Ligand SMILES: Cc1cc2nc3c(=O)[nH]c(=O)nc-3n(C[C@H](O)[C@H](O)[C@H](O)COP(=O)(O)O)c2cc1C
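What follows is one chain in structure tokens, specifically the form predicted on its own.
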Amino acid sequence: MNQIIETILNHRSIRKYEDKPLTDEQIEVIVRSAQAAATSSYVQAYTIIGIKDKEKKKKLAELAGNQPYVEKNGHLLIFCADLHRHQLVAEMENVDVSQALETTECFMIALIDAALAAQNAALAAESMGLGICYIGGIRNKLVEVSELLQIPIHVIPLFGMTIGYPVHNSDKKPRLPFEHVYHEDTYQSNSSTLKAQLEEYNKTIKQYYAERTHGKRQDTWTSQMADKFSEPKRLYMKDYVQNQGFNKK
């Protein structure tokens, strides 16, 4: 096993950082690593906003659900789906791209490009001995986030990423069984088999929480997911996305 694979497999979310900012050189390496990720047809449909301003960090922490590590970290990145520059391209080249930019396909391209870039950034940061945590909570109030960050049309802030020097390494959460995630040739949809695999995974997760909390917590993965999806959330999202010029067709 090489060092890259070891870094990937050693990933865990870090939510407490030393009071030590990243250097500009570190930030540039992380962003350039993000830019090296694969991109659909060379579209490069994302932008990364780095947040150094302490007041903006504090406000973003509030908007993300009062998560303290959004405010206190070495650096905060906001990954955005971005087709705004492609509207500028259209103006430069005197072509009409408005219909294409509003398609679901272009929406998916921007989402996928941003996600691929973010994972490269995460791996780069972790290879430098830093810790990271993805912040989906910024989607709680995207209108306010967009106003704070002066987001133009055809851009959507998707998630944040905190980066910094870990105070301590948290435990790794066990992932779903390999055979539950990896299917060969066709989707293996036998419900009995899939449920049996989930039951085994529940035992692993229950033990993980019990050991970590000295028996105070013993919930399972399926109970967590059932609770998470029992009610729809962020129902404003469709209108927000379409108001930003995405996913209309």
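All values reported here derive from a predicted model rather than from experimental measurement. Numbering starts at 1 and follows the sequence shown.
FYI, the form predicted together with the ligand isn't displayed, but the following is about it.
- Note on the partner interface in the model of the complex: the residue among Pro152, Pro177, Gly129, Gly136 having a heavy atom within 4.5 angstroms of the ligand is Gly136.
- Of the stretches 94-102, 144-152, 73-81, 168-176, only 168-176 has residues with a heavy atom within 4.5 Å of the ligand in the model of the complex.
- Of the heavy atoms in His11, some are within 4.5 Å of the ligand in the model of the complex.
- Contact annotation for Lys16: none of its heavy atoms lies within 4.5 Å of the ligand in the model of the complex.
- Taking the partner from elsewhere, Gln67 is found to have a heavy atom lying within 4.5 Å of the ligand in the model of the complex.
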